[in-house]
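Okay, here we've got a single chain as structure tokens, the form predicted alone, with questions on binding and movement later.
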């Protein structure tokens, strides 16, 4: 039986996915001049909506993209889209562009932004949840470096994703699930779609946001959980050898949540007690915030 056609939300209106279109002159299409958030719906509720809304606001501020839409309006459109698709547990993507403007690089003030909400089913989360991935992740270091924050702001989640795409293209000859990206100085930065964590010398380690690292929402939740549990944490600059010598590692994003790492550059790392504990705590948090 074929999957039902999804319904998306485009510029204030619900429409079938097959009819969801934007203009070829939209700045998001022409220049990647757009921002977005990837979110998880658990039990019909958006996990950590306030944090996602704040990051979307910050992304807009960094791009001077004054779209004029309130967080409440965006949340209403997301909820309408979930309801239209009869989805409680889902992937949600909210995109905002400067809209259609004259074909010149310098943007005009935003008068009619393009706003698109897309959704797709994902398994239930929480204590009795099912992970959307099969098995732990394999990581591979790539030559593509993370773009410097002085070139494109790393704390803005934009449609300009060519940096991550180039990293993923390098994985094609391998069986790796995710790229390990470094900054211009060779320090660990992040994956192409998620943040990196590893355990070394009994401390939970993750690259600092002072480098070109996206402030992931799941990353911040993991750090909250670790602090509450009294797990020693190091947020610092690290090199690839620190990861290779780790006793356990995992990657995080809104879709994967906390995904254990099996190998990095062919070196066995595997999961461990810290990863297992944080995964249990994360599932408990989702259960309490979204299902109860």
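Positions refer to the first chain, counted from 1. No experiment lies behind these values; they were computed from the predicted model shown.
The discussion below concerns the form predicted in complex with another copy of the chain, not included here.
- If you check another copy of the chain in the predicted bound form, you find a heavy atom from every one of 20, 31 and 184 within 4.5 Å.
- Remark: residue 57 does not count among the residues lining another copy of the chain in the predicted bound form, judged by a heavy atom distance of 4.5 Å or less.
- When contacts are judged by a 4.5 Å heavy atom cut-off, residue 84 does not count as touching another copy of the chain in the predicted bound form.
- Though the partner is left out of this view, residue 164 does reach within 4.5 Å of another copy of the chain in the predicted bound form, counting heavy atoms only.
- With a 4.5 Å cutoff on heavy atoms, residue 24 counts as touching another copy of the chain in the predicted bound form.
- Among the residues 137, 90, 74, 100, the one placing a heavy atom within 4.5 Å of another copy of the chain in the predicted bound form is 100.
- A heavy atom within 4.5 Å of another copy of the chain in the predicted bound form is found for one listed residue only; from 107, 215, 129, 121, this is 107.
- With another copy of the chain left out of view, the stretch that reaches within 4.5 Å of it through heavy atoms in the predicted bound form is, among 109-117, 74-82, 204-212, 218-226, 109-117.
- In the predicted bound form, another copy of the chain lies within 4.5 angstroms of at least one heavy atom of each of the following residues of 126-151: 143, 144, 145, 146, 147, 148, 150, 151, in sequence order.
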